[in-house]
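We begin with a single chain expressed as structure tokens, specifically the form predicted alone.
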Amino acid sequence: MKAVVTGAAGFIGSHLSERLLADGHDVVGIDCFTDYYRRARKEQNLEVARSHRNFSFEELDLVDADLTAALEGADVVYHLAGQPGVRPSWGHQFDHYVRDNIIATQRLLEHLKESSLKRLVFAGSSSVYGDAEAFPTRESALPRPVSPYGVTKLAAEHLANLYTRNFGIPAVSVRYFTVYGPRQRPDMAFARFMRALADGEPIEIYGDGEQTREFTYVSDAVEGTIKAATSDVVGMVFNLGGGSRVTLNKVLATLEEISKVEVRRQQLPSAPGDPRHTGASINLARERLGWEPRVSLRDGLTKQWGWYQDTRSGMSSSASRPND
């Protein structure tokens, strides 16, 4: 099978690419290295995939590139590319979110209209729910995003559905709930917490820390994404949550136990666009995809902390070598 992964140099996209390669598939990775964080980090994400003989990479911008060659013969397209981040999506940055989340998705869908694609999996977000009325939140809940980022992710999801209804593109959407693990983006909470712990700095907490999040380990998110490509579920939407809905204060206590470093906190006002709680009902994914999250929050945090320590040690060693 030939799979195309957009956003292949990103956090989840790089893990997905490696899993597909391990399963014996040919993979074409697409990324344009937007400058949301350092290109060098994304290049590191790609190192394992690039070493595989069945992987090829195309540096392309979905908005204005000719995607014909990259998409030719694709059986499955996993569309993970996009502009992430809730807090930066306000103000003048909104233009970037519209371009990279909505327009890029529409351009990709246009390229796929005449293809013989077997499945398009769109990477959605729990941000589309906003402050949901019920927990755990089902896919049938009315989406009411409370951030510009969430608005653009919902719009892109609707576009995928439109192209399914009108042009027969076999699309499925998965809504990720706060994915974490090795290679997590440096702006995300766990990555920031671990960096602060390692540097002996206070951890910035927006609000009182009693807000809850559903946390999903990256290998579980990847497994659910692949199952969405291989099950008879065209036109459907699935929550992918890790079964770990806890407060941020509980996360900090767990990190303190794992790292053996005392947490120092810096309380900041609640940020606009951050929902108070998120929590996923995953019954539909269980029933239709045969998917179940397997990594507990404590185990996942332990793995991410170990990876962060190894990465930090490697960077320190490289910096200390002359003429490197």
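One-based numbering along the sequence shown. Please read all numbers here as calculations on a predicted model, not as lab measurements.
There is another form of this protein, the form predicted in complex with a small molecule, and it is not shown here; the text below is about that form.
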Quick one: 84, 185 and 213 and the small molecule in the predicted bound form, is every residue within 4.5 Å by at least one heavy atom? yes
Whether residue 204 contacts the small molecule in the predicted bound form should be assessed with a 4.5 Å heavy atom distance threshold; does it? yes
Is there any non-hydrogen atom of residue 177 lying within 4.5 Å of the small molecule in the predicted bound form? yes
Applying a 4.5 Å heavy atom distance criterion, does residue 125 contact the small molecule in the predicted bound form? yes
Any of the heavy atoms of residue 151 lying within 4.5 Å of the small molecule in the predicted bound form? no
Only one of these stretches, 162 to 170, 220 to 228, 85 to 93, 137 to 145, has heavy atoms within 4.5 Å of the small molecule in the predicted bound form; which one is it? 85 to 93
Out of 58, 26, 274, 61, which one falls within 4.5 Å of the small molecule in the predicted bound form, going by heavy atoms? 274
Just to confirm, with a 4.5 Å cut-off on non-hydrogen atoms, which of 192, 113, 250, 158 contacts the small molecule in the predicted bound form? 192
